[in-house]
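Only one chain comes next, encoded as structure tokens, the form predicted on its own.
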Amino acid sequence: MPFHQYSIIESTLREGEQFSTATFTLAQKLEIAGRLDEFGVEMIEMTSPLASPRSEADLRAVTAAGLKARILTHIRCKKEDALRALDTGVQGIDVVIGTSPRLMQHSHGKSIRQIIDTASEVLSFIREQQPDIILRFSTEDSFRSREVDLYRVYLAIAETGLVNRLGVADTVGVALPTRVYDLVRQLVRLTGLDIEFHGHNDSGCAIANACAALEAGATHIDTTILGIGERNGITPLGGLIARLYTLDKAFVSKYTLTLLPELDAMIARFCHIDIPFNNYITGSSAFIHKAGIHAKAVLADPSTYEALNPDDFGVQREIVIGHRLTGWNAVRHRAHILGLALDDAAIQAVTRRIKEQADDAPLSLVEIDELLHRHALAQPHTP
């Protein structure tokens, strides 16, 4: 079952560096890599050493940090890129080349035959230099490529026996889950190799597409913290975890889930952005319950309106009651927290008062507590 066997290739230090406000220092990269290693990701992908002198130095530093996660770098399909990458001591190299008509025309100018020949030459060169290195070949813009071209390239590369896995990239976020499933399923059947999926989120399908890839037999999924990356980014780490958790908690039990809030907060701080209010797991509204019917059920059994248990992620749920939609069960719960013994009539009176006032403006918790204490003082005491 793919959901039991997948690995995460965490690309915050490669794809994430392409996010508009991401400019990580070496110290920040080491912190990010260290926390991801503690979280338990299997692989960490970093920017090509050819990007800049600092990129190469940082790659060497993280590679030498002694992490459990394997360190990979992502390069163009060129010998000079491969040679520089090999010299850094990384444990894996991810080779990519565009196969869509747009990229063939405007990026590298090669035909499909030339792509196959170039890739075979570069991959063979890498394997000769370091026989045991993890080696991946990926097409870029896979879902705007002609299907016949894709299979021609993938099958030719698979037949060389040089790579550990093949990569499928929804580079501009246009794929639907059904298309991802069909392509990955065919590649698994035809090649028998591990399959990696890299999905952008331009049209909001990154998480769904990643899960479709896993259902079809993919073994590796690319993520970034908070989903940062080029344009709207790629599959977010927290979002993938949330999706798999709702299928079966066992699918994510190998990861230290309580580190997710720290990871998201760290990247938000480094990139000078806010965590979205509706972010998976760590958004400010992720575990807030408001409507009276919801609040009543959640107070009785949180699973009635929660597919995710906040305790498993080190965060807390909240029942908000200072609004016109509040219910008296939530108000009674607040009274219980305060240690106030109010009868049902008093609780219902406070609830009515909250609703009346909240029609003009929501009440703060302090204001609600004052109402509850006032009714507690006014309530006759039984001798």
Ligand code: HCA
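Not measured: the values here are computed from a predicted model. Throughout, we count residues from 1 along the sequence that is shown.
There is another form of the same protein, the form predicted in complex with the named molecule; it is not shown, and what comes next is about it.
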{"property": "Partner-proximal stretch of 82-90, 298-306, 163-171, 281-289 relative to the named molecule in the predicted bound form, 4.5 angstroms, heavy atom", "result": "163-171"}
{"property": "Contacting member of Leu150, Cys205, Leu135, Val96, with respect to the named molecule in the predicted bound form [4.5 Å, heavy atom]", "result": "Val96"}
{"property": "4.5 angstroms heavy atom contact with the named molecule in the predicted bound form for His220", "result": "no"}
{"property": "is_contact(His74, the named molecule) in the predicted bound form, heavy atom dist at most 4.5 Å", "result": "yes"}
{"property": "Glu10, heavy atom within 4.5 angstroms of the named molecule in the predicted bound form", "result": "no"}
{"property": "Contact of Arg243 with the named molecule in the predicted bound form (heavy atom, 4.5 Å)", "result": "no"}
{"property": "Residues in 12-51 with any heavy atom within 4.5 Å of the named molecule in the predicted bound form", "result": "Arg14, Glu15, Gln18"}
